[in-house]
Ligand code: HEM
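Here you get one chain, nothing else, as structure tokens; it is the form predicted on its own.
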């Protein structure tokens, strides 16, 4: 299997954008009409997810230590769709047909063999992980909503209790489905470390056109039922590290970092920790009151709230400690950060420049863990 040939091939195919995924799903449903009911009626988001997943796989095809864990998570997570072993050959056949169609004259026997070998490996790793997970956990968890706090018109904090314990690491996410939007699964980070009562918190922000977030933020009520998928994600605490910690959160990107913060608080001697929590406006710092109480109770925690779209105004007691400016600039104003472990989560427009600025400020790139709210990945 020639990894570079696969990358070059996918780069050419991906230039066709959404048509690639449209062709793939059309081919899949024509060959296997029974699979159509596993997907939502509207497929645009699903097509984006497919292209993103393929891109991620191909980008790491020559880096198995990174690729295998991703595929294992993908296999475990796909159990929630009802995908079983017999579906994998059908998907592989349609994938190869799609690649052949969009490769045009570049398609040949060597390239076909490379793609077939790559998909065989992908399917094997995913299926093994799914089968192993199936011995110990359900394909999904039913959960009941036990609390809904609407912090703003577009942000809600939910608390749910699953029908059985859902094991996860702080910083991970789960896919959520509501009965009002069947077969639409949307990923949300769990905002708390595991609790004895197994309850889970989610910070949900309304996304323009988002079929799931609209329901969760605007109409969800106590007593409603949700379904939760298997936990995924690598934005998790390095338990072996004794370095000081830097947490940088944009908007509801706070959720996974708040779970990590709770995990740190359970250590006998927590590291010195700075939490930067940014939003466009003061009103959008939806969890500031709770975070301020935490910072007052925890001597090892320093909280730095920041807003980017409001200039400093006349003195107000409730905004005196809020920094102004883009989050990367605010972090930089607080000094250099060598010797720190950094965890960054939020919108892509915030995460990418923040990571680059942290590297400039002395944080080793391999000590930075990040996650973006990219819909196609979540």
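Residue numbers count along the first chain shown, from 1. What you are looking at is a predicted structure, and each value in this text was computed from that prediction instead of being measured.
Note that the form predicted in complex with protoporphyrin IX containing FE isn't included here; everything after this is about it.
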- Message: Just checking whether residue 290 would be counted as a contact of protoporphyrin IX containing FE in the model of the complex - the rule being heavy atoms within 4.5 angstroms.
- Response: no
- Message: in the model of the complex, does residue 83 come within 4.5 Å of protoporphyrin IX containing FE, counting heavy atoms only?
- Response: yes
- Query: Might residue 119 be said to contact protoporphyrin IX containing FE in the model of the complex, defining contact as any heavy atom within 4.5 Å?
  - Reply: yes
- Does residue 183 reach protoporphyrin IX containing FE in the model of the complex if we count a contact as any heavy atom within 4.5 Å? yes
- Message: Please identify the residue among 336, 30, 38, 66 with any heavy atom within 4.5 Å of protoporphyrin IX containing FE in the model of the complex.
- Response: 38
- Which pick from 148, 298, 123, 97 sits with a heavy atom within 4.5 Å of protoporphyrin IX containing FE in the model of the complex? 123
- Query: Honest question, do 50, 74 and 91 all end up within 4.5 Å of protoporphyrin IX containing FE in the model of the complex by heavy atom distance?
  - Reply: yes
- Query: For the chain shown here without its partner, which stretch in 99 to 107, 160 to 168, 183 to 191, 261 to 269 has non-hydrogen atoms within 4.5 angstroms of protoporphyrin IX containing FE in the model of the complex?
  - Reply: 183 to 191
- Message: With protoporphyrin IX containing FE taken in the model of the complex, which residues across 54 to 77 come within 4.5 angstroms through any non-hydrogen atom?
- Response: 54, 57, 74
- Task: Check residue 55 against residue 171 at the C-alpha atoms and report closer or farther in the model of the complex, compared with the shown form; the change is 3 Å or more.
- Result: farther
- Is the CA-CA spacing of residue 55 and residue 348 tighter or wider in the model of the complex than here, given a 3 Å or more change? farther
